[in-house]
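Quick heads-up: it's one chain on its own, the form predicted on its own, in C-alpha cells.
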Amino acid sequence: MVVADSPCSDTGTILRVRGPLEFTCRLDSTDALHTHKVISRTFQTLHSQVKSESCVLTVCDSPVIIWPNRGVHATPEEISPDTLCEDLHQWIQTDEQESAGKRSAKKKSKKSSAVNVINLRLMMEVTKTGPVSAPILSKTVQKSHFLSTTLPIDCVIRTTCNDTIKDAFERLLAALTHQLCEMEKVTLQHMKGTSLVKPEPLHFLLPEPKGLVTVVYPAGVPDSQLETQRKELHQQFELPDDWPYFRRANAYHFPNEPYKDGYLRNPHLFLTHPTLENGKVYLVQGIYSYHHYMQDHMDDNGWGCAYRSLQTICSWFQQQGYTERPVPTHKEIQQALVDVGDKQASFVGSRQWIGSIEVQAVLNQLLEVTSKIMFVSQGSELASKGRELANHFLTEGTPIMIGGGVLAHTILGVAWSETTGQIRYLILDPHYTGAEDLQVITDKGWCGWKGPEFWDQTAYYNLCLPQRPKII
C-alpha cells in the first residue's frame, strides 16, 4: 500500500512522473479466481511495458526526452546518463522566464521555494523502426466481460545535488513498478464482481526523517472506511495515533501547483521569527487558509472580522482532514447560531457582529469541535498568558480566535521567554481588504509579529481555543 522515498532535506529536487496507463482485459467467465488471475496477468503486462525500451519519460516544458530502459538514452545529445539531475532545470522553460522582461521592475518574490520539482510525463512508443508487417484481422463470436480503466500513475522520488540521471531514473523505474504492485493489491482487494475500483496514488509528507511517502487508496472509498489502513500506516511509520497524517486532505501539495480556490496558505511561513532572550517560538501546526474582509464577493468590511477568523479556523480543520465540510459562509455561520438557539431567525442575512462565544458555538455545531474559552479582563493581562498560549500551540496546534472591543483577530503563535516573560504574538488580521498578495500582506503587517502594545490595554478579551479531535 505504500512506498517511502529517502528522507527529505531542506533543499533538493523532486522528480515526479505522471501519466495514464491503459488497463484492459477480457474475462471469459465471472468466476472470482479466474477474474483475479486475469487482472494479475494484465498488471504483469503493464510491468513489462514499463520495463521495455518503448517506455519514454519526457521532461515537461522542455525538449528533453529520456528512454530509461535504453541505457538512459536522452535527447538533446548534450544530456548523458552522467548528467546531474539538477542540470535538467536549465532545459525547462518557466513562466517566470517568459515574463521576465515584463516583471523586471517589480519586486522579487518574498521567498523562493526550497523544493524544486521536475515534472515528467510517462509515455509509450507505439511505432518501431524496421519493416512493418501487414495487420491481420480476426473475428471471434463469444460472450465475455471487457474491463477497462485508466491507471493514474503518479510517482515521486527525492534526489540530491550529486544524483545523476542514471541513478535517479533507476530509482524512478523501481518506484513505478512498485506502484503498479500496490495498484494491483488495491484493485483486487476492493473489486466487487466485475466492477473495477480505480487505484488512487497520493503523496504525504511525514515528519522528519521519514520524508515523502506514497500511498495507493481505492478511489471513491471515503476516508471513514479506510481507518484500518491508516492505523497500519501509523504503526509502520511509528506515528502518533492522535493526529491524522494519511487522510486525503493531508496529501502533499507540490510547491509548483497553485491552490485552485485562490486563498493564500500559511503566509506566516514567510516571516522572520522574533528573537527573545531565552525565548522559544510556538506556532500553529498544519495548514490553514487566510480569510479576510471582502473575499467571496462578500462586502463584510466593518462587521465580518470574527466570521473571517472563524473561517480560517474551519479551514484548518478541513485541511488537516478532521472534516470534509467546506468552510462555512457568513449565512451558514448565522444559521448555525440560530439552530443552536443562540440567535433569532432574523439574525440570518444580517450584518451583526459575533464574538468568541459564538465562534465556540459554531465550531461545535458544524464541526463537532469543542473549544476552551480564556477570559482576560483587560488587554494588559494578555502579556501574562504566555505559558497557556505556548502550551496550546504545543498540544493542540490550532489557530486561536481573539475578540475584544469591536475587533477580532487570529493568533497563529507566540514567541515567549519563560525566564523574562517577554512575549510576541503572531497575528493574522482579518481586516485586510486587498488582493491575495503575499508581499503586501507580510510587508504591511497583515500577517506579522506584534508586541503586547498591540492589544487595547483597558479592553476585555475573550479567546476561543479550539481543541482538535484525537483521531487519525
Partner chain sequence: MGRGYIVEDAVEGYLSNLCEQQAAPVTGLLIGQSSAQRDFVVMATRTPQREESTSALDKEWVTEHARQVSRMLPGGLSVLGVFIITDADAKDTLTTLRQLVFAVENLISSDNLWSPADDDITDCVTLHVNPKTRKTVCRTFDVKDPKSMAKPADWKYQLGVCSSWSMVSCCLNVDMLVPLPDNRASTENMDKCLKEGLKVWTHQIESGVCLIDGKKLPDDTDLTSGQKRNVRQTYTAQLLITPDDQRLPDVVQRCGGSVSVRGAIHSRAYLHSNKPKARLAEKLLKRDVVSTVATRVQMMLEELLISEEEGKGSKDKQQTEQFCLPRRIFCPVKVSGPVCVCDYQFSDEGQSEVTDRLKEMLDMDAAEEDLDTRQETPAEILEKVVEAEPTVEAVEALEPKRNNYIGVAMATAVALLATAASMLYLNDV
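Note that this is a predicted model, so its numbers are computed, not measured. Positions refer to the first chain, counted from 1. By rigid core we mean the largest C-alpha set that fits within 1.5 Å across both forms.
Missing here is the form predicted together with its partner chain; even so, the following discussion is about that form.
J.: Taking M123, K139 and Q189 together, does each of them reach its partner chain in the predicted bound form with some heavy atom inside 4.5 Å?
T.: Yes, because M123, K139 and Q189 each have a heavy atom that approaches its partner chain to within 4.5 Å in the predicted bound form.
J.: Given a 4.5 Å cut-off on heavy atoms, tell me which of 41-49, 399-407, 414-422, 431-439 is the interface stretch with its partner chain in the predicted bound form.
T.: Contact criterion met by 41-49 only.
J.: Tell me, which of F375, F347, F146, F254 has a heavy atom within 4.5 angstroms of its partner chain in the predicted bound form?
T.: Exactly one listed residue reaches within 4.5 Å, namely F146.
J.: Within 4.5 Å of its partner chain in the predicted bound form, heavy atoms considered, which of M298, I357, A219, L394?
T.: Looking at M298, I357, A219, L394 one by one, just A219 meets the 4.5 Å heavy-atom criterion.
J.: Taking heavy atoms only, is K444 within 4.5 angstroms of its partner chain in the predicted bound form?
T.: Contact check for K444: no, nothing within 4.5 Å of its partner chain in the predicted bound form.
J.: With the cut-off set at 4.5 Å between non-hydrogen atoms, does E22 touch its partner chain in the predicted bound form?
T.: Yes, contact at 4.5 Å.
J.: Indicate whether its partner chain has at least one heavy atom within 4.5 Å of a heavy atom of D61 in the predicted bound form.
T.: No, D61 sits far enough from its partner chain in the predicted bound form that none of its heavy atoms falls within 4.5 Å.
J.: Does its partner chain come within 4.5 Å of any heavy atom of S384 in the predicted bound form?
T.: Outside the cut-off, so no.
J.: Could you check, with the core superposed, whether the Cα atom of T140 shifts 2 Å or more between this form and the one not shown?
T.: Yes; that C-alpha moves by at least 2 Å between this form and the one not shown.
J.: Compare the position of the CA of P131 between this form and the one not shown after a rigid core fit and state whether the shift reaches 2 Å.
T.: Yes, the C-alpha position differs by at least 2 Å between this form and the one not shown.
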